[in-house]
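Taking the form predicted on its own, here's one chain by itself in structure tokens.
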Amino acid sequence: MSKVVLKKGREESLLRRHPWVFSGAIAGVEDEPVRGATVEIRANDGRILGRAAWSPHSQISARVWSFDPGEQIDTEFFRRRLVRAFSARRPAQDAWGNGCGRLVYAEADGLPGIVVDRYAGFVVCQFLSAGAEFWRETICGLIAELAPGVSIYERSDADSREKEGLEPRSGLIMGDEPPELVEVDDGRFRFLVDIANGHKTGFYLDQRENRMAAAGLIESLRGSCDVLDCFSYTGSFTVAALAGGASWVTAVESSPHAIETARRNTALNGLDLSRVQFEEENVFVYLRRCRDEGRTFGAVILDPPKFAGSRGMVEAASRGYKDINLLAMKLLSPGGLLVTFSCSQHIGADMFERILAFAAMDAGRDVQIVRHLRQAGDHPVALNFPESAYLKGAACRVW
């Protein structure tokens, strides 16, 4: 096994069990390993700190599989980790049906770069790191063993693969090709999911609990409520708003294909399509037009895509988040509800609240956070890996 030796004093993060080793922390590498191979991480004084996957093309040169220097990284290792991840969610024997959810959440489950989601009888995998790619066939075989009868589809087409020196890849691995849209039960609601072409692995599983929270908050407004759902994608928050008793929903989305699926999702849940206006529009443009026209809403939902893909984009992303939230606050009737999110890993929860505070100040509105919102429980946050807490949100009362 090749050895990666750290510079003096650069072992502190690993001693805190953070799983990333950056290229700038490395003093030397013995016997240059192949991409994805398992290497031994050593402190400058020779102490063994763990075993990791080697990624020579990435700034994150190694991702730790195990901090136990005696643990072998082999098929049985991955079997143990997958069983642990699967069993921590809903019991495996009940996990398939028509439900959906995350089964493996990368570093948070001790499996860096590996994401496994399920949509009814389909499992969708992402292999986003060099180590995940190296063990791809083994992991797929284990999933087939642990979840017999499911079809396995790959969506390793995220931008992060480029940083690992990997080409994007997607397609069927095992079983049946998915239909154009797979119907799933998301708890209170049902949705149609495009496994092959939809965002992420097909859907925003991380918002499950927030959709239910939004429905309850809109219901608590008790009365006629005109809702503006921005970045509505396939209409999951539109469905939640209507289920919560919204009298009218304006859903703003730039993709006509997503809008068509949103219409179908609304009908699928037995909701009245005559209470929804779908707008194919850029959200920033639409918000400004509403401001200029003096329109007001009882509730505004902001669920934008990731604005900051790297630390270098934080300043520009902060301006974007402030802009849309300031505009939304100006559009709300007194006592109105703002449900707002950021999924940018590099925008922390404290920073996001500061952005909201500056937006409220510039909007001249008094704003109260009535509920903090975060990713669903099947996307757990590992205390040794704070980066796993990427989705943060707030439900706010605006006066």
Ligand code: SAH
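Keep in mind that this is a model prediction, so the values were computed, not measured. Sequential numbering from 1, following the sequence displayed.
Beyond what is shown, the protein has a form predicted together with the ligand; the following relates to that form.
Enquirer: I'd like to check something about Arg288: if you look in the model of the complex, is any of its heavy atoms closer than or equal to 4.5 Å to a heavy atom of the ligand?
Expert: Taking the distances in the model of the complex, the answer for Arg288 is no, it never comes within 4.5 Å of the ligand.
Enquirer: Residue-level contact is defined here as any heavy atom of the residue lying within 4.5 Å of the ligand in the model of the complex; does Tyr204 satisfy this criterion?
Expert: Heavy-atom contact with the ligand at 4.5 Å: present for Tyr204.
Enquirer: Taking heavy atoms only, is His199 within 4.5 angstroms of the ligand in the model of the complex?
Expert: Yes.
Enquirer: Can you check whether Phe297 is within 4.5 Å of the ligand in the model of the complex, heavy atom basis?
Expert: Taking the distances in the model of the complex, the answer for Phe297 is no, it never comes within 4.5 Å of the ligand.
Enquirer: Can you confirm whether Ser66, Ala85 and Tyr105, the three residues that make up this candidate site, all sit within 4.5 Å of the ligand in the model of the complex, judged by heavy atoms?
Expert: Verified in the model of the complex; spot residues all out of contact, no.
Enquirer: Give me the residue from Asn325, Ser232, Thr261, Ser129 that has a heavy atom within 4.5 Å of the ligand in the model of the complex.
Expert: Flagged contact: Ser232.
Enquirer: Tell me, out of Ser247, Asn98, Asn282, Thr75, which residue has a non-hydrogen atom within 4.5 angstroms of the ligand in the model of the complex.
Expert: Contact with the ligand in the model of the complex is made by Asn282 alone.
Enquirer: Of 174 to 182, 156 to 164, 301 to 309, 129 to 137, which is the one stretch near the ligand in the model of the complex, taking non-hydrogen atoms within 4.5 angstroms as near?
Expert: Of the options, only 301 to 309 has residues within 4.5 Å of the partner.
Enquirer: Since the partner is left out here, which residues of 243 to 259 would have a heavy atom within 4.5 Å of the ligand in the model of the complex?
Expert: Glu253, Ser254, Ser255, in sequence order.
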